[in-house]
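Here we start with a single chain on its own, the form predicted alone, put down as structure tokens.
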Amino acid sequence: MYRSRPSGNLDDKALSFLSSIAEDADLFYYDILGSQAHVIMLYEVGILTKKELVAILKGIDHLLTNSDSLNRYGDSTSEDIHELIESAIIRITDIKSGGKMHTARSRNDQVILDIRMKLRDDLNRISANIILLIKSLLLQASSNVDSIMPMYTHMQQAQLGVFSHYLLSYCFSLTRDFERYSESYERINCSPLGACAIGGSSMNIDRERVSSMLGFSDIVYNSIDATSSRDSLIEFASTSLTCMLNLCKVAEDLIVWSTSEFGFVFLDDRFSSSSSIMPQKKNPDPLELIRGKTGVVQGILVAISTIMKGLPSGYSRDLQEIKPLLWKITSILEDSLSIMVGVISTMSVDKNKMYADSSKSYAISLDIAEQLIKKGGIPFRESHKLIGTLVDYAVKNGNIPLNLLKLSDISKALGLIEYSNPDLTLEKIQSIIQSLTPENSIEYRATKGSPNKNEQKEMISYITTRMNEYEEILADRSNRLKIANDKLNLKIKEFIDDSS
């Protein structure tokens, strides 16, 4: 339909190569919305007559309400959804009416308009799923404030903590994801329509009017920027990768902690797979796939940025390849967040196993070292050396828990470094070691953001408040789009009803 200068039809293989019809299915609804707002604006500025406007609006309504009409009326040689819809409207109406709907509009500004509208909805759904996941984590955290467990650095037991502390750390990461998506939403929520191919139009169009009808907060001002820039899409992909990396960390932790070697958590059977040959197996396959899909999203970000690399200003057909990559990101994010909500909300925690491992763990060592500083008045480096020597002795003599070291053991161990301090005797060292339990290890650490019970409750309260704020933000965004859509539909109905 668009072939004015080239004569004849495209070669079949060339058409197949150029066509984005399959990937454009997700844009059909948004292309319709954009077309409705555009033609109403064309009528309001005097480019279309009311009769022509109504004919086009009725044709669009026919496409929406008759599932087979697009295939029946659309030109089968169309390269994309925009051409397919326009060709169908022309056949449903006529060239004198339908042929005007593309006035002061290019596929270049049309496609990025559709993408931005779709991504707005995608961002709102993803953001809603992030809130659901944080709420699931908060519920588990509230039940595990007293679940003492080892915490790890370098996959080695480092300090004692509580399970809620890990769960809340995930919440904080996800709040940042929500905020990054919100910032991305603001930049995506600007209308490019009216920029035309690259340099605007001599027709008396009203870009702001179309932007308002479609629920955008602003327009993309510069026409070159409007049609050729894709930085907001790269930002969306980058933010999505960051979110997936955060989910990947949660997945890895739960995979490790659900092993027989750890046994800290048990995944619900509904979120586990079995082995085809080993009957005893219960595999964390959904979590493993989240790890795998994180790599896919990383690859997509590289692919999008590579497509953009070296492109000149102005639309190039290379940009067509970005669309299916964006849809893939959205699909992966929504599925991964939904699966993680299910995993978190249904998993069970073995608090006894966590506590048993904590009771015999050398992760209490720093707490002991700090008590020696407080009660013995020695420098940190001396305390560090002293406790390190005791741990080394305990490990080499059968992994003796520190609180079970006899006075003779302490004497032998510290004799290796010729320890002597009349103010901090061996008896006092033993007394300090034996006084430290997993419970007061947690209690003593009351610094801001620590595993201390009061701090856990403060963090739960803080994140709960943030969730209420986020829900208001999301509701406001969704409501603005709904109001704009309702107003547009009402206006369309009024035009069609007045013509009856």
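Not measured: the values here are computed from a predicted model. Residue positions are given as counts along the sequence shown, with the first one as 1.
We do not show the form predicted in complex with a small molecule, though everything after this point is about it.
Review point. Just to confirm, residue 165 within 4.5 Å of the small molecule in the predicted complex by heavy atoms?
Key: Result no; residue 165 lies far from the small molecule in the predicted complex.
Point to revise | Close approach of residue 320 to the small molecule in the predicted complex, 4.5 Å, heavy atom | key: Yes, contact at 4.5 Å.
Review point. Heavy atoms within 4.5 Å of the small molecule in the predicted complex: does residue 370 have any?
Key: Close contact is absent here: in the predicted complex, residue 370 is far from the small molecule, nothing within 4.5 Å, heavy atoms only.
Exercise for review: Using a 4.5 Å heavy atom cut-off, state whether residue 209 contacts the small molecule in the predicted complex.
Suggested key: Contact with the small molecule, no.
Exercise for review: Within 4.5 Å of the small molecule in the predicted complex, counting heavy atoms only, one of 216-224, 300-308, 361-369, 105-113 shows up; tell me which.
Suggested key: Single hit among the candidates: 105-113.
Point to revise | Answer option from 252, 80, 350, 235, heavy atom within 4.5 Å of the small molecule in the predicted complex | key: Spelling it out, the residue with a heavy atom inside the cut-off is 80.
**Study point:** Partner-contacting position among 264, 419, 315, 355 - heavy atom within 4.5 Å of the small molecule in the predicted complex
**Key:** Looking at the other structure, the residue within range turns out to be 315.
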